[in-house]
Each structure stands twice: as C-alpha cells, then as structure tokens.
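We begin with a single chain expressed as structure tokens, specifically the form predicted on its own.
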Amino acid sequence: MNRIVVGAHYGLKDWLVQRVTAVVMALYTLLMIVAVPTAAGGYDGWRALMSHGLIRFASFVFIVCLCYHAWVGVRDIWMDYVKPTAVRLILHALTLLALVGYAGWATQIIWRL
C-alpha cells in the first residue's frame, strides 16, 4: 500500500507558537497594567520600575515573543500572497533582519537603563 504524505501536521508548530507567544504577551500586558501605575510619576519612576530584574526579564521575554509572533504572521502572509519565489525570499530575509534588529535594539534599551 502506497501512502502519500501530505503534511497533515504542517503548521501545527506555527499555530502553537502563535498561541503561546500571544499568552505570554497578554500576561506581560497585565503585569505592566499593574506595575506602571504603582511606579512614581515621571522619568525617575519609569527608570526605577525598569531597573527591577523581574521587569527587565519579563520585558526581554515579551520582546522575543513579539518578534517571533510577528515573524510567523508576516512569513505566512509572504508565503500566501507573494508568488514569485525570489521576491518572497527577499521579503523573508528583510523581515527577519528587521525583526532581529528590532529585538537587539529593544534589548539594548532595556538593559541600558
């Protein structure tokens, strides 16, 4: 009997990544909704809040999840709607470079405070 493998589970990992990263980002948002009002007003209060190790770590995890979530979503858009392979690969590369750059820049900002 010849079985044709059609990839029935293709995309399951991406689906799961989208859900997990969305939950992490939602939890971070709730954390910040609670934490930001407790910080004293102004730049000094914001700096004190962001200097806390837990907030920095949570912010870093949020940034990584945001970039991974965006990568999966934008990559799927390119795969679905951009038919020429060369253009699609260029868009994939540019998207990936931008997201890695954004993640690096945001991490630098968080740990510089």
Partner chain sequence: MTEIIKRRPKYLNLVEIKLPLAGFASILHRVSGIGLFLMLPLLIWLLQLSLASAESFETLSAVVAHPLVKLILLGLLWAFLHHFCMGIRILLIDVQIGVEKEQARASAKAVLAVSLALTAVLGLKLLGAY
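Numbering follows the first chain given and starts at 1. None of the values given here were measured: they were computed from a predicted structure.
What comes next is about the form predicted in complex with the partner chain, which is not displayed.
Colleague: Would A26, R47 and H69 all count as contacting the partner chain in the predicted complex, using a 4.5 Å heavy atom cut-off?
Modeller: Spot residues vs the partner chain: full contact, yes.
Colleague: Can you check whether I77 is within 4.5 Å of the partner chain in the predicted complex, heavy atom basis?
Modeller: The answer is yes: I77 has a heavy atom within 4.5 Å of the partner chain.
Colleague: Give a yes/no on whether L89 approaches the partner chain to within 4.5 Å in the predicted complex, heavy atoms considered.
Modeller: L89: no contact with the partner chain in the predicted complex.
Colleague: I'd like to know if V17 sits close to the partner chain in the predicted complex, meaning any non-hydrogen atom pair within 4.5 angstroms.
Modeller: V17: no, not in contact with the partner chain in the predicted complex.
Colleague: Is there a heavy atom of F57 no more than 4.5 Å from a heavy atom of the partner chain in the predicted complex?
Modeller: No, no contact at 4.5 Å.
Colleague: Looking at G42, P37, P84, G53, which is the one with a non-hydrogen atom within 4.5 Å of the partner chain in the predicted complex?
Modeller: Exactly one listed residue reaches within 4.5 Å, namely G42.
Colleague: Who in 92 to 107 is close to the partner chain in the predicted complex, meaning a heavy atom within 4.5 Å?
Modeller: Those in contact are T95, L99, Y102, W105, A106.
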